[in-house]
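Next up is one chain by itself, shown in structure tokens, the form predicted on its own.
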């Protein structure tokens, strides 16, 4: 009887332990401050539920594909969470994961719908890019006084037309294209005349934006009335270049009073919000990385429990959880 009792105790203590789900997170580039923040939230909030391992593709789809293949060959993860380097690369990832019958959640870079439709355990968590462009336009409308027929002092040359420069995240990137298009179309729909002096590709990078802005300011600083940036990282690079340009102008002429060009970004990363408080950034549209991370965790738990009815977020069209943007000025 004692032997049976001891055996039961051993089974309770060791044989019935719940396995912690193994989750692998693959991100496009941890040098991107938005992605870094979202990944940190995933790790910090998700470690209570999962054994999480994060992989950095360093902006290479080839490296990311190799990482995923290696993980699938070495172990059997319970869930994959993927921020693809290239949204078109999601097809190959889905096909590979489908063979292993593992659920997968994409985030930040939305796969094509036809690729999502290839597998019944694939989902996307993110925000609608068009909303961010519309919100940027609304922030700019507020900046110039809200009256398309009579702009305020932001209209430096008093031609009742907004002279703009747009810093674009990446040529061909879905969010970059949509944000760029919608900020312009929404301003036009609101009744404003706009003149886009230049569209500069800076690949979401603070350093690239800084270098481009330095060259830009040397040739057309006085012509620009508003700068629109597809993300806050690039906006920070523009701010640095603008601060240096102002210093140069003051050094050349002590009586020169620099006119700071208003900048509007997207993401709401911590350093950008500090710049906003200091007045160096006029406004931004918060892409809520914290809520996106919580939604990914919630969806992951629901998938592992095989209970999507218990989701705390709305699942749209069977594939999507959308986290709304927020305007900040």
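Numbering follows the first chain given and starts at 1. Not measured: the values here are computed from a predicted model.
Below, we refer to the form predicted together with beta-D-galactopyranose, which is not included among the displayed structures.
Looking at 276, 261, 52, 35 here, can you tell me which has any non-hydrogen atom within 4.5 angstroms of beta-D-galactopyranose in the model of the complex? It is 35.
Could you spot which one of 108, 180, 163, 138 gets a heavy atom to within 4.5 Å of beta-D-galactopyranose in the model of the complex? Selected option: 108.
Taking beta-D-galactopyranose as it sits in the model of the complex, is residue 173 near enough to touch it, meaning that at least one heavy atom pair lies within 4.5 angstroms? Residue-level check for residue 173: yes, a contact with beta-D-galactopyranose.
Taking heavy atoms only, is residue 26 within 4.5 angstroms of beta-D-galactopyranose in the model of the complex? No, no contact at 4.5 Å.
Using heavy atoms and a 4.5 Å limit, would one call residue 167 a contact residue for beta-D-galactopyranose in the model of the complex? Contact with beta-D-galactopyranose, no.
Interface membership of residue 64, beta-D-galactopyranose in the model of the complex, 4.5 Å heavy atom rule: So residue 64 does not count as contacting beta-D-galactopyranose.
Just one stretch in 41-49, 300-308, 56-64, 27-35 has heavy atoms within 4.5 Å of beta-D-galactopyranose in the model of the complex, so which one is it? Looking at the partner contacts, the answer comes out as 27-35.
Neighbours of beta-D-galactopyranose in the model of the complex among 269-298 [non-hydrogen atom within 4.5 angstroms]: Read in sequence order, the lone residue that approaches beta-D-galactopyranose (within 4.5 Å, in the model of the complex) is 287.
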